[in-house]
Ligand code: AMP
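Shown here is one chain on its own, the form predicted alone, set out as structure tokens.
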């Protein structure tokens, strides 16, 4: 089986609708795919209907924004209860903070470049919480930068003058909330040094103690050296190893199915999750 456990739609920062992600997954020869939009489950229903039509399995998921050792850490949660009050409260705070942060960054950028909030809104899906990818797309549309990668490397970088932080819970706290909501937690692209400083082994050990279930090892942003380190760490800590594309449609070069998860690993995730069944 061909299984990809990390994709995004227009509900967050992808360019395909949830239904289009499912259709693209079928065209890519996938047997199962996870929809893991940032801090939301709003795309689950449309994705489930499209996955049923396409004849592929849907793993309902979310990519949560958290913080550990002073840096941003993304946590993938699979098959959790979308109505769990603890998770809903945290994701609501994150989305509200993202929206405020985005407006502040656009206001700062607008002092130096011809970009407005309306320009950014035009780049987002109707249910999306506007974030840096949408600002990047607006910068591209205005001819200010060439692509998203260039925008993130310069104007939208945390090291730049336009950047503003947003609220994010501690990673270990969010892991515990995911477990309480019946979900299975996986650390997304934990060796992605190109995104900034990565967390150390001690932090991952603390996450494992809090209930972390796996590491997303096979990901294009983890170097071969980091993948070897993470496989050894997963083996020592009893964590599953996943592989994923982190597909964003045309928003990133990542292609569906470029990294895959073993069926035995998906079986283990399904067995451990207690809230939402696999479609």
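Everything quoted here is computed from the prediction, not taken from an experiment. Residue numbers count along the first chain shown, from 1.
The same protein has a further form, the form predicted in complex with the ligand, not shown here; the description that follows concerns it.
Just one of 169, 133, 125, 190 comes within 4.5 Å of the ligand in the model of the complex, counting any heavy atom, and that one is 133. Checked against the ligand in the model of the complex, the residues 71, 101, 108, 93 give one hit for a heavy atom within 4.5 Å, which is 101. Interface residue remark: residue 243 is not counted as part of the site for the ligand in the model of the complex, having no heavy atom within 4.5 Å. In the model of the complex, at least one heavy atom of residue 152 sits within 4.5 Å of a heavy atom of the ligand. Residue contact with the ligand in the model of the complex: residue 38 places a heavy atom within 4.5 Å of it.
Contact annotation: residue 252 falls within 4.5 Å of the ligand in the model of the complex, judged by heavy atom distances.
Comment: 125-133 is the region of 79-87, 203-211, 179-187, 125-133 lying near the ligand in the model of the complex, near meaning a non-hydrogen atom within 4.5 Å. Residue 13 is the only one in 1-26 with at least one heavy atom within 4.5 Å of the ligand in the model of the complex.
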